[in-house]
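Read on for two forms of one protein chain; each stands alone as structure tokens, with the labels structure 1 and structure 2.
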Structure 1
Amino acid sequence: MSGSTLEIIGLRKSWGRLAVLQGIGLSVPGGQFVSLLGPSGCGKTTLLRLITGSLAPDAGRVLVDGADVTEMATHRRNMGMVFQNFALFPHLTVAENVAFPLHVRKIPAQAREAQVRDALAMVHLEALEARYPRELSGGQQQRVGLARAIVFRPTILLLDEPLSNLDAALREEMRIEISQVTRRLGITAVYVTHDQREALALSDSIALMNRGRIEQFGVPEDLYLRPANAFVARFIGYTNAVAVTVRPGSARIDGGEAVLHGIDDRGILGPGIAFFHPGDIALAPPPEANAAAHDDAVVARVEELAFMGDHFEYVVEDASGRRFKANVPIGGTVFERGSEVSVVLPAGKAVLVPRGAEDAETP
């Protein structure tokens, strides 16, 4: 079985005067795994509920395999969903919970039992089928939720932050399980999360949402290497930002002499922001000792340093109050708190985005 295509066109939804979704468009090919990534409250759950029909949109349409389902009743849409807070039926056992969608569809008892067993096996819960949800750990409950959502082979599977209630180790394990299950079944999956690492690891493509809009939609590498704007860059994990003025092939750091030569300008000319990962920034002795060697460096003072095992984590601040975070491997020179350093910003590792009005005061 292969998944259905899902197409969302111009969806809008407001709660009173709060416009939660302001025109969402998204197109998911059959069998793809798409993440909806965004900060809390940006409208991710609302978008899922519009897809399932639990909410009616103010405007816009939802198409499945090209057919308009916007007006279709929820229970006819044949979608599976894993809920943020599990939402298992508390009065039913694990097996009964998983059997629920099959009962609804009037699957004969024999086939039903076999399918329930399959689904439970897929999430490694065969042994617990007679338990009630309250007798399960969070991770087990979430597995039941997953089994219940896939047991009837829906063509679209929606997952609403399925890992957010689990501890770190379980999260890792469940993430792999979800990935395997969805790919094995070839289901089209829409996965909601606010954790960018989860999204990057799992997805065929990512829609990054902010305040009811999609900021960028693309494959993970795209969002990571070519973020569309400062919000995307920050959300995807770039912590160091400097305001720059971009010319073809180079960028001058504002408020100083340093220039990033050979930067990938991505066609952005004029005001921009250059982002760096902490691991890409190097620290060197201050310029008096080694003048003019680093054209691409700014002078700063060490504010904080912490030993993290395999690296030192530095926080440095330059004369204009700009802060950088740098992760420096052990083995090199150690700079004490308060000492002057030269912060080397490697042009080759920089990610440039245009600087809009809303980014004027920061980076």
Structure 2
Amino acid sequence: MSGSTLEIIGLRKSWGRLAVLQGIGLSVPGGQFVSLLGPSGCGKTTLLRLITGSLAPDAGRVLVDGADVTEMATHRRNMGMVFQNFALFPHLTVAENVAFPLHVRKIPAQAREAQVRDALAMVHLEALEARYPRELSGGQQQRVGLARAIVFRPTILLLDEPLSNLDAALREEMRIEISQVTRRLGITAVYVTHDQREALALSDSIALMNRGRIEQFGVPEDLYLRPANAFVARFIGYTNAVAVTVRPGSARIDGGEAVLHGIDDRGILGPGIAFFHPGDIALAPPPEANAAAHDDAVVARVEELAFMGDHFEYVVEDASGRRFKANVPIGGTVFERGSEVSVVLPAGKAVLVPRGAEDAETP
């Protein structure tokens, strides 16, 4: 089995006056694992349905290995689908559920049995082939769904938030399972999720969507380390944002005296936003109690404090109402609620993006 190339050209879809997809373009090489990431309502599931053919676009084309399949029936596209809600037939056994796509394709019995055995072995369910869905755990049911999606040897596998109905431990287990199966088969995979951690862990490339458009498409490292704009930075996990005025090699925090020296200005001059991950922010005693005060720090008050096992999670607020979240490892000073602290913003960890009109109110 080998993966097909997938090309999306100018796909548009509207429901009445609501534009769900606004000219989406995307090129997926054969054998790549690509995630469609974004908040609820951004259009990622609609895009998946257009790829499968269960929904027709208002404009644009879908190409598989260079052939236009936009008007081709779903069952002729040779695409497997893994659903969020498992979608198993309750009256069929595990083996019968997995065999169903082969019956539809009129595969002879002997070949059908061999393919079912292979698919079940790939997801480690050979011993459960005679059970019914009600006798399986959630993770086992999703494995059956995965086996059913690959049993007829598709060249493209589509997965619509397949882990969202599982608990945390099962999500981790199934994430590894999906990664192993898709890479072993060399299949092209398109994975829909709103969880950035899943997308970062699984994907060769990520298309981060917002309001029917792709904000950034690239390898996970690019999205995380070089977000294209403020939306990407926030969504990928940089929850701390400060408005700054950028000069070559430095950025002054607006409304204060703090300066981020040695910042990677990325060619941005003038208004910008500096983003910081909670794990990159440090807390220190306030300036009056700290002889070596930082000029890359702002003074704030601890509003919330939570013990998270391997770190403390702080929420602090400065005099201008800016809030920061800091994840501080266990072992250092513990600052109580209501105490004053210096919030140290390391320039080397900052991710800088231009400030657009929509970001004018960023604290």
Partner chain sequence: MLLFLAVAFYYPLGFTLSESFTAKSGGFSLAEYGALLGSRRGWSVFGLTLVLATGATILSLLLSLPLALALRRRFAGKAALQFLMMLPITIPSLVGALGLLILYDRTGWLNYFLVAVLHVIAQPIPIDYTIPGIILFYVWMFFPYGGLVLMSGVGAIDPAVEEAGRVMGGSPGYVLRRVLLPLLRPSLVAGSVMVFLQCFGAFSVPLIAGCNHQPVAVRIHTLATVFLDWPQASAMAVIMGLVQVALLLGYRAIDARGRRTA
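Throughout, residue numbering runs from 1 along the sequence of structure 1. This structure is a prediction, so every number in the text was calculated from the model and none was measured. C-alpha atoms forming the largest set that superposes within 1.5 Å between two forms make up the rigid core.
- The form predicted in complex with the partner chain is represented by structure 1; structure 2 is the other form.
- Relative to the superposed core, Ser14 undergoes a Cα shift smaller than 2 Å between structures 1 and 2.
- In the core-superposed comparison between structures 1 and 2, His311 has its Cα shifted by at least 2 Å.
- A movement of the C-alpha atom of Ala59 falling short of 2 angstroms is seen between structures 1 and 2 when the two forms are aligned on their rigid core.
- Its Cα shifted by 2.9 Å, Glu336 is compared between structures 1 and 2 on a rigid core fit.
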